[in-house]
Each structure stands twice: as C-alpha cells, then as structure tokens.
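In structure tokens, the next block holds one chain alone, the form predicted alone.
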C-alpha cells in the first residue's frame, strides 16, 4: 500500500495531502456532518498498549460521527499481549475490520502492521512520533493565525520526545520555523532533526528563554512521558529552567499562544497562570484532536 494509504508519520504525507486533511478538519469543526457518513458499515480497531483519555475518546466519537463503529482493544485483551507476532495480528485484523489505530511503544510495531496488513493503519502514538496530536496542534495554529504558516515560529521547550520529532516533520512539510530548547542529553531523534533541518528553518537551543524570543507559538509537554516514570526525579533535575511561565511567554510575540498536548503538570513544565491564562489555546487544541482525526479517518477509510 502507498505510504499515504496509512498515517504512520507526518513525513509520509505530501504537503498537499496534509493541507487537504487540515482543510477538511476545519470544515468538520464548522459542520460535523460535512463529510457525510463515509465510515457507514465500517469498523476501526483501536489497539492500546498505552492508555489514553484524548486518543480513545476522540477516535471513538469521531468514528461514530462518521457513521462507523470503533472497537477498543487493549494489549491485554488480544493475543499481542501473549506474544503473537504483530504480522499475524495485522493479517487477522485485516480480515475483520477496515482500519487500525494503534497507540503503542515501538514505531516498528506500527510499521509492521502497515507492512503485513491490507488496511489503513493510523499511528495514535509511539515513543518516536505523535502525528495525530501535531495535526490537531497545527489546526489550532491555523485557526488563530490563518492557513499561511510561512510567518509562524513555533518554540518547543522541554524534552526532545515524540512530540518534538513530529513537530520537526510538520515544519519540514508545512513551512513554519521551529525552535527547539532542550537540555543536553534530551535532544530529538538525530535523523529526523537532520532531515527536517534540510527542509525548514530549525534551530536548537539550550536556553528556553532565547528560543521563545519572538515566537508565535510556545509549546511543551510533561518532562517524563508514559513509560519514563522511573526517570522522573532525574528528569526534574535536568529540566530545571525549562518551566514555561510568564517570563518565558513575555519573550514571545505579543499575540503568541500557548499549546500543550496534555496531560499537564502545573508547577512543573508549565505554570498555572500560563496554561489557564489568556494565551492558552490548550482546550481548543484538545478538541481539535476530534476534528483532525475525523479528517484522517475519512480520507483513509472513506
């Protein structure tokens, strides 16, 4: 199947296809019935090796709004949890359902599903990438500043994690500038960084205040992601100074907005007066998971 027949990474889609999805997401937000019922009679299998609030609810509700049904499958509920090869799971599920959304640890598992299955695969999150979240984030930016992203500068402050990697992919495809501030030892994936830097304006900083200067968007994530709980104390020391507060936001553009993929730890990576303040678009961003993912579902499974 063509890479654009899946949604494994933002990097796999052309700029035109990404913009098509974002435009459709905007229409679906304005009118939830705009796409009709393209998933009528179809089923999405939702495989969760990692739990989630927003991913599960948004995909389940979105599938229903498009006329389909979603099946929640935790890794404990299916044979993956007992060691069945992911290739076999892909072949079997392809005989039952019309698409798979998976939220898991290894990007290789998502790739294997796409290689061995015969239906669209959607990456709901891996340790390497979080493409659906970034699509919702970009939709939120477009709502605020318009569809032309050429004058947008996103400042990412924190861990060089799956969010950072997907921001890099999005900058390369959609043409906005990206500034990344992270401590030494917590840089984003070097291959993704190098490829994005060849296609877009990408800068790496150690000083978060410097990275935020003039930024249109300031965004962050928790310091210890799911599966990194044992590193929490070590990470808390490493990320001293990477706290997005009013001082950091004051360096950004006057009309800058703040984004966070949630869940958030107020008092750690962000202050309460920022995430709950006038610059925050966090709740619009969370809502847009529904609309952006409905667009992806309609384009892949409709």
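Just so it is clear, the model here is predicted, and its values are computed rather than measured. Numbering follows the first chain given and starts at 1.
There is another form of this protein, the form predicted together with a small molecule, and it is not shown here; the text below is about that form.
Among 253, 34, 61, 262, the residue placing a heavy atom within 4.5 Å of the small molecule in the model of the complex is 262. Residue 125 is the only one of 113, 157, 135, 125 with a heavy atom lying within 4.5 Å of the small molecule in the model of the complex. Remark: of stretches 142-150, 193-201, 82-90, 125-133, the one touching the small molecule in the model of the complex is 125-133 (heavy atom within 4.5 Å). Under a 4.5 angstroms non-hydrogen atom cutoff, the small molecule in the model of the complex lacks residue 180 among its neighbouring residues. Although the partner is absent here, residue 222 sits close enough that one of its heavy atoms falls within 4.5 Å of the small molecule in the model of the complex.
With a 4.5 Å cutoff on heavy atoms, residue 162 counts as touching the small molecule in the model of the complex.
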